[in-house]
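What follows is one chain in structure tokens, specifically the form predicted on its own.
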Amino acid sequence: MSGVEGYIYPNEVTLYWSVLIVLYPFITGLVAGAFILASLERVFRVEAVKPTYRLALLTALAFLLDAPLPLQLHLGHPERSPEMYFTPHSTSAMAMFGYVYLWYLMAVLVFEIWLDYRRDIVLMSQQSKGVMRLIYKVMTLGSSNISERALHIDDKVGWIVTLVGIPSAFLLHGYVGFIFGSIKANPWWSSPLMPVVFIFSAMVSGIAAVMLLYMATTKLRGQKIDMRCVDTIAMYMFYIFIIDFSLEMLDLVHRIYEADESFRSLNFMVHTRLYIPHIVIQICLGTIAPLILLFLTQIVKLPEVVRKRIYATAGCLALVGVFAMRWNVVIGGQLFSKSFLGYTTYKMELVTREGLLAAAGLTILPLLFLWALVKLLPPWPDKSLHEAATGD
């Protein structure tokens, strides 16, 4: 059969986990990373990143709404997916995802956004007209008290919710790495470092995404980019990137040192079928290149314009590298036979349920969600609302 080399079992010729399963951990990683960036301001009091706090929360929500859609499209009978809530299986990591998702969506993210925006929602329900007035009235949930004491309580409760949300974000994305790492029959995935690597790479991608969105939206609004904010975000991204890369190298060194019976097969695959996506795209372009760019901004005093371009380039490359990492884990782990004597290929279709167009649509969809959320709940200060609240 074309694209198959050596001896491979018949059930391994076709890859059952497609690009949609690649997209799923990539999207959930953006959710976790964006929330971690928001927590820097709320919990750790990093005031420099405050301009991105609300944008990071809305970004996390937009991508979280999109997160289960790749799985739904992959399922043969997506209408059966609600059954996992009614027939729970505590021993199944996949079944537990539904509860983790609902907890993070409703009890953490939506609740924190509501607490942070409650004052604005009340003011907009008083100033808006027509349908928007009704929408904001419903969003107040009957709570119109925006006194100083009430807002202070909101802030305290919001701090607690964010504190709870940090381990929840780790759990949301860490379990994806746990699923792969716990599959003992696949030596490409079976590693105790897999959940940790997934978490740190998620933080890199989420921080990069929010940084790029902040720069782009600020530019589109004709406002001046807060370079202190962007510099601080890039600094944290650089440090987390170093940890992520170190963990990946540690896993690689461990595999090389262990050199079990699967090593020769995996080594051959890395140097042939995965050479471009793994060595060139993930490591060289998606990891080493942005690390060098970010390192330059930390040791050399560069002009503001140059730093903006470097941050934009490094952010884009980081997103490409993290997506390539997801691709190499999901697709790469299915390209070799369990016999270690054969290899197959993955051919992505264009117009199918799990093809390129469907994946591209699911990638663009959260940006549309974010646009709608920004229109409903603007993440930047509104002078008119402030004047209305103060009576000026």
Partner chain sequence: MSGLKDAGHLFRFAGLFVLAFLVFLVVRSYVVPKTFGQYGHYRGASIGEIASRPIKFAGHQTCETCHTDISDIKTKGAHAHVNCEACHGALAAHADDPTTVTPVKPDTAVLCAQCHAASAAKPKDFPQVDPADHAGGVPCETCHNPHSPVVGSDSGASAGSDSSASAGAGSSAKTAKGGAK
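Here the structure is a predicted model, which is why all the values come from computation and not from measurement. Residue numbers count along the first chain shown, from 1.
Another form, the form predicted in complex with its partner chain, is not on view; read the next lines as being about it.
Screening 105 to 113, 178 to 186, 308 to 316, 259 to 267 for residues having heavy atoms within 4.5 Å of its partner chain in the predicted bound form returns a single hit, 105 to 113. Its partner chain is not shown here, and in the predicted bound form it never comes within 4.5 Å of any heavy atom of residue 275.
Within 4.5 Å of any heavy atom of its partner chain in the predicted bound form lies no heavy atom of residue 239.
Interface membership of residue 246, defined by any non-hydrogen atom within 4.5 Å of its partner chain in the predicted bound form, is ruled out. At least one heavy atom of residue 88 is located within 4.5 Å of its partner chain in the predicted bound form. With the partner removed from view, the residue among 220, 292, 75, 141 that has a non-hydrogen atom within 4.5 Å of its partner chain in the predicted bound form turns out to be 141. Among 125, 232, 145, 81, the residue placing a heavy atom within 4.5 Å of its partner chain in the predicted bound form is 145.
Along 143 to 164, these residues reach a heavy atom to within 4.5 Å of its partner chain in the predicted bound form: 143, 145, 147, 149, 150, 153, 154, 157.
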